[in-house]
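In the block that follows, a single chain appears as structure tokens, in the form predicted on its own.
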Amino acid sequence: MQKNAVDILTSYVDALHPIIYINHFDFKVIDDVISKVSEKAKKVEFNNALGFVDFQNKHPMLEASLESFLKQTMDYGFDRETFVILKDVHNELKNPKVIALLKKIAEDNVYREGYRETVFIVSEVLVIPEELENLITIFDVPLPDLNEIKGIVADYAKDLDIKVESDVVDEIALSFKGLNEFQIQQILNLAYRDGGDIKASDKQLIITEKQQLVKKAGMLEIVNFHEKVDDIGGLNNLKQWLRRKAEIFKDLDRAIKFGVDVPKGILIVGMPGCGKSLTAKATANLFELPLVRLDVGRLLGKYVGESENNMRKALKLAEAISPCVLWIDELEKAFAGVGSSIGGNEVTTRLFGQFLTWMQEKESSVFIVATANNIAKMPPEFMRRGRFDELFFVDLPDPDERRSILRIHLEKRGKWNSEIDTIALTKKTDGYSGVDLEAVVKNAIEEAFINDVPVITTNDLLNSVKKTKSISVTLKDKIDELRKDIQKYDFMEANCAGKNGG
């Protein structure tokens, strides 16, 4: 990681990028990187708590405000190449005088002959003053790649004189992807203290610690789930496809070595209440991965660039906790207004472009499950091949699927019995969604409880059907419109194996 970071930062300095904003929390790591960019450069440091600080030994030298510090050091660049390192000064970047001084240093660095003074702002909080936007380069410290992670684990084991099998290193290294060196070291410490060695089962510990990252950041939501694939009535084609991908995720390291591409994800479009959200939860259960939900609305901020920065952090966080399932519910609402000429949608359009680029270029094992009800409001770019591994259309359940759904809900509540005539029920529930059928069962059981009837009969359920309006009645126009829109794209039908809806 460090070598890559040093190379990138060196190229920025050589290209006269005047202000480099390093968005990172670990000052020790950043100090090491900056030291290696140029050993000859004079390095002066300002710490928001301590003032003027000796860069080498971190001893406080002089109490000073950021404004007075910049005034004292702004001419150093005439004498020799100078690195000005400012730590945790994000709140000071709202001060007009500080902004003016930084702008003066930056412009001198770019335009004045013989002047070399590069400013490094180091903070975990990203604040970009509008006046400095064109002069600041944001630098994200590269995370360790797979080989570097293996090296970190191997070095840790060597330092503690413990033996770790190479296949175990390979397996847990994949789980560590997306974490920085500090986080990896912390989890290794926990694993060692817990069991005295490093083993394959420590993957669960890694997942637990990654979930802590999500909770602390507040950008994504950890979703708890108990739903299994067997809880989904019908959708056999979709379930068969997911079971194949689960085989890859359950043995991801070996699959990658074999040459298998990491699955990207699926887009599921269809009727409300027909199992799309249930599928997202069941997928995480089947893949044995954590499930996190991305709510684009939560990322929107009131300041310029804040929404885009939040999206960048959210996607980076998703990669940090990979392998995982990333669920985006009601995708068409998340990016509503994309492509519109109305100015209010400019932020959403930029977020959409950011997300689309990430989807196309991501190499992490984040499996996306995106669900949508209205394809007409969805940006067509999502339907292009390469964004997702497959596009599925979920239609209203057919007779066999309705029988399966009714039985699942009756068994779930301990009310299934062989006397129930599911054939008669399926004839009376044409056009009912999965949620409609669940309502039929719930209402029949509630009625039986109130009337103190211990056994649910076919008549009880048929009476409940009569009182339950189906989605095909309440949303008839929308369903007809969706079926018409779906024909324009190459969607696979989730309901019937081997059938293509395109």
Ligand code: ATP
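All values reported here derive from a predicted model rather than from experimental measurement. All residue numbers refer to positions in the sequence shown, first residue = 1.
Beyond the structure shown, there is the form predicted together with the named molecule, which is absent from this document and is the topic of what follows.
Interface residue among Ile121, Ile405, Ile321, Ala370 relative to the named molecule in the predicted complex, by the heavy atom within 4.5 Å criterion: Ile405.
Note on contacts: among Ile128, Leu289, Leu188, Met271, the single residue with a heavy atom within 4.5 Å of the named molecule in the predicted complex is Met271. In the predicted complex, at least one heavy atom of Ser277 sits within 4.5 Å of a heavy atom of the named molecule. A residue is said to contact a partner when one of its heavy atoms sits within 4.5 Å of a partner heavy atom; Val366 fails this definition for the named molecule in the predicted complex, lying far away.
Under a 4.5 angstroms non-hydrogen atom cutoff, the named molecule in the predicted complex lacks Gly265 among its neighbouring residues. The named molecule is not drawn, but in the predicted complex it has no heavy atom within 4.5 Å of Leu462.
Of the candidate stretches 168-176, 405-413, 139-147, 100-108, only 405-413 has residues with heavy atoms within 4.5 Å of the named molecule in the predicted complex. Of all the residues from 425-456, those having a non-hydrogen atom no more than 4.5 Å from the named molecule in the predicted complex are Gly434, Val435, Glu438.
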